[in-house]
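Only one chain is given next, in structure tokens, and it is the form predicted on its own.
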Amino acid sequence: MTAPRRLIIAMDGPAGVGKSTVGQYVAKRLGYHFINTGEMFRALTWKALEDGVDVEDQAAVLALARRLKWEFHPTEGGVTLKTFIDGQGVTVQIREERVSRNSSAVAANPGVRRLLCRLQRRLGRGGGIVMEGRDITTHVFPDADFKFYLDASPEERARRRTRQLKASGLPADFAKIHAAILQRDLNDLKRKINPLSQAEDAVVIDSTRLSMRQVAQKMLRLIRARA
């Protein structure tokens, strides 16, 4: 069964909870596009580091973001819309540890968040999307047809991120990743502009003891029952 193309399915949750894996699965089953908004902030972080732009200099990072040519092309079977900047795909580069360490500073930049929010809303216009991030249900699409908040323990999220990095051929140290996740949680919760929070009407799913497939199937049952 394919849900109507008009639906906007919004997902929020902390780092490493499995939103991308779940979102891709759900989007594929529904015939939708999947968008990982975190990749946009990571792509900008990587570009700033590459160009020698201080990620703490909000004006300079925003100026860089405005200069870039942002494009989003379907990959992975046509389901996932990947971020391209100035014509370059950056799927592997944005998983580098230096990007992870510095992305919170870029994500906390008010001007950057406003700019990327406009891009995200443009991508979601017309529906037929599964979009995940930190403020999708609360800010980008507060009137989304379906809202989900995925959660899991920090230890489980660190294990998942470690496996993900190793599968991509990148170095992965569990202790460092666990510490980075705890710090990222703190940064996301304390961010002044659009901090991570659960929308009051979001369905909360704790995936600590569930497989990503089980989480996705639970979401699909709820979507199909109401759609």
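In case it trips you up, residue 1 is the first one in the sequence shown, and so on. Only a predicted model underlies this, so the values are computations on that prediction, with no experimental measurement involved.
The same protein also exists as the form predicted together with 2'-deoxycytidine-5'-monophosphate; that form is not shown, yet it is the one meant from here on.
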property: Location of 2'-deoxycytidine-5'-monophosphate contact in the predicted bound form, chosen stretch of 122 to 130, 150 to 158, 98 to 106, 78 to 86 [non-hydrogen atom, 4.5 Å]; result: 98 to 106
property: Output flag, 41, 184 and 188 jointly within 4.5 Å of 2'-deoxycytidine-5'-monophosphate in the predicted bound form, heavy atom basis; result: yes
property: Residues from 123 to 140 in contact with 2'-deoxycytidine-5'-monophosphate (non-hydrogen atom within 4.5 Å) in the predicted bound form; result: 133, 134, 135, 136
